[in-house]
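In structure tokens, the next block holds one chain alone, the form predicted alone.
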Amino acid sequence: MNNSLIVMGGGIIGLSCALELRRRGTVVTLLETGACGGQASGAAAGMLAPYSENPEAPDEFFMLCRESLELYPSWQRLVRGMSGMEFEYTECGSLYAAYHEADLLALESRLDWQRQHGSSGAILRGAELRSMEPGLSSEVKAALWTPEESHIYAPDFVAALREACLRSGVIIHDELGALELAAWEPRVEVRSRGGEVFAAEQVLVCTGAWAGELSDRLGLRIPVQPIRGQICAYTWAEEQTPLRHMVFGSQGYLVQKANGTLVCGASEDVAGFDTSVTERGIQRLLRWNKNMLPELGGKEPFHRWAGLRPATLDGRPLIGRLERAERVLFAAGHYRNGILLSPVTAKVAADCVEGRPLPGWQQAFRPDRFGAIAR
């Protein structure tokens, strides 16, 4: 079992960490209760947009997201090369729309600090905005343009990650039904529902919205809960005005994919582990999107789906090693940024496994930061 590790969870975070660790020489076994990428990863719209989705200030979470965005060009090339599979990766930039003149001050404030942290953006108005995105509603008064942002087609990317893992030598066991962390001293043991025991020197927990199930076992508060995100997609014919950028507003986003679909999201609610689609959730999307893109008026989405986003109490992921159980590491709780944060999480998790020095901001994501459970 020398230099061996078990990854619990086969979403995009688990697959990314497994691939990076295997590339560094670790013997990796990945365990998944269902199908790899079958939860939040496969349901995601795949936006890589830290500037648009973190508008308040350049805190530690934004810095983590920005670093991951910078890693993406080389990361997706690596996955493409190792898997031999193709997937959409589009460096299209984004627009964050404002409907009222009163909102311009907030856009200008956001642009000011974002320019200090890698953005080459600008605020567009009038004819300049219409030439950039002809299909936008005339009600949109201005938009913050961020050229650095991009998007990826998540289902194909997750499939390519799985294939890259397999080709690199990661051992994958999926459809296991359930997993139990049976022991972590003097070695790690994970037991499947069928009774099979997997052993290694260390374990990396990447179980997303299910990470909180280990709270009692580890004696730690792991406040991760599932947030249901509902999304819909439209058929977008060639004769319709193409959406050239990802478009964000205060109530959601729109992004056009290369397969001829226009994705609209996301309506969020707390519904436990229920992934059913509700009329109320989808209607919320339909009410606002036609005000952003008038061509959507009267159109019905051809596909509606939902995924569970693993949200922590403070909105930040759990990344790192536990102090009270040194063989146990976490990479979970990425909420709606799992796709974006996959390369940087893989890098940090692999550095933790190898005992490398970590940046100071890593303390903001310590998995045991919420304290022990009172007995």
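Heads up: residue numbers just count along the shown sequence, starting at 1. Quick caveat, the model's predicted, so the values are computed rather than measured.
The same protein has a further form, the form predicted together with a small molecule, not shown here; the description that follows concerns it.
Contact here is defined as any heavy atom lying within 4.5 Å of the small molecule in the predicted complex, and by that definition each of 10, 31 and 335 is a contact residue. Taking 144, 165, 266, 220 one by one, only a single residue has any non-hydrogen atom within 4.5 Å of the small molecule in the predicted complex, and it is 266.
Proximity to the small molecule in the predicted complex, taken as a non-hydrogen atom within 4.5 angstroms, holds for one residue of 348, 318, 329, 339, which is 339.
Remark: residue 170 does not count among the residues lining the small molecule in the predicted complex, judged by a heavy atom distance of 4.5 Å or less. A residue is said to contact a partner when one of its heavy atoms sits within 4.5 Å of a partner heavy atom; residue 96 fails this definition for the small molecule in the predicted complex, lying far away. In the predicted complex, residue 46 approaches the small molecule with a heavy atom inside 4.5 Å.
By the criterion of a heavy atom within 4.5 Å, residue 161 is excluded from the residues contacting the small molecule in the predicted complex.
Partner contact region in the predicted complex: 207-215, out of 80-88, 132-140, 207-215, 193-201, criterion any non-hydrogen atom within 4.5 Å of the small molecule.
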